[in-house]
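Take a look at this single chain, the form predicted on its own, given in structure tokens.
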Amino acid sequence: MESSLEIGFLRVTEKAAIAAARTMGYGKRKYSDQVAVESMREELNRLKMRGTVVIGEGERDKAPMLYVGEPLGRGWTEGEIYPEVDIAVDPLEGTNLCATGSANAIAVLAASEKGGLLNAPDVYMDKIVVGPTAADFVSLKSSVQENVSRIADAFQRDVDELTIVVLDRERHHDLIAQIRESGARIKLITDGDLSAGIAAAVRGTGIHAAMGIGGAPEGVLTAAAMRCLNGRMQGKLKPLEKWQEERLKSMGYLDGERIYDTGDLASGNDIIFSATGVTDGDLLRGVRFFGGGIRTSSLFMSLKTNTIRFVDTIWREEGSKLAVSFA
């Protein structure tokens, strides 16, 4: 993708994060999500591309903006020959986190050449996510204890030195018990398994893996990040209700035992991934408002150029005289 698009995608998540952060702590999760969606869509429509949403806010009848299949970008109206791009978005991962002022809310976007991101159904997925150190050591076909032991081997550590992130949900009762039996430590989170998956692939976060059942669309976004980080994401579709089983059948997902690996979920050769912190977290700092400007913290990655950037951006307010400090 052109460098102008790369800068544009970074600006998309930054603007969505800023919009959401202005609502932080008000307890209005739907409103927080709404402003993030509106901001993200507005910025995406400024870009010189023919974009199509493959992971978004839902189908056309459920979401008026950023719905699956929505065309975005100037290429649909200007008639110019702009690149065709598939887009996966989560304008505000952790709506509850933002509403309550809790950690790890982020704005996320992944993009690829057409056909490079799986149009995953909006159902649940059983996942395991690790970074490059343990990428060749884990499998959803193995037991929890086997995977934990192999992750420890990969890091050349004792099992009790590992930290595994799991969503705090009733459905994870058995998983949590098995991890604890293995001897590993658990970090329970209320929301945001996408953020946790990315943190597992970045050294210095203190997280060695993410396990458990979360959204399949978020699994595609996580896989896009893993492609850029040389990490690994495996997932198996896991319908928990009857309507989810029907949804899978209607979309042609008939093999309930298939395990999707990183490259199945994000197969593109030109993947862009951008995440901007809304609230402070394990990986990124949240949006900071101060006299004369706004400061954002982002993780921006490009598979094609093999670059991983932690980007600190200051947005000056118009007419302000800003003294910049990098402490």
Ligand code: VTB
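Residue numbers here begin at 1 and follow the sequence given. Predicted model only: the values in this text are computed from it and were never measured.
Same protein, other form: the form predicted together with the named molecule, not shown, and the subject of what follows.
**Q** Work out which of K141, R171, R185, R157 lies within 4.5 Å of the named molecule in the predicted bound form, going by heavy atoms.
**A** By the 4.5 Å criterion, the partner-contacting residue is R171.
**Q** Would you kindly say which of L118, A210, L194, I179 lies with a heavy atom within 4.5 Å of the named molecule in the predicted bound form?
**A** Selected option: L194.
**Q** Any of the heavy atoms of G131 lying within 4.5 Å of the named molecule in the predicted bound form?
**A** Taking the distances in the predicted bound form, the answer for G131 is no, it never comes within 4.5 Å of the named molecule.
**Q** Are any of the heavy atoms in K127 no more than 4.5 Å from a heavy atom of the named molecule in the predicted bound form?
**A** Within the cut-off, so yes.
**Q** Quick one: does G231 come within 4.5 Å of the named molecule in the predicted bound form, counting heavy atoms only?
**A** Contact check for G231: no, nothing within 4.5 Å of the named molecule in the predicted bound form.
**Q** Please determine whether G73 contacts the named molecule in the predicted bound form, using a 4.5 Å cut-off between heavy atoms.
**A** No, no contact at 4.5 Å.
**Q** Which of these stretches, 90-98, 75-83, 107-115, 199-207, has heavy atoms within 4.5 Å of the named molecule in the predicted bound form?
**A** Checking each option against the 4.5 Å cut-off leaves 90-98.
**Q** Which residues from 213-234 come close to the named molecule in the predicted bound form, meaning a heavy atom within 4.5 Å?
**A** The stretch touches the partner through G214, G215, E218.
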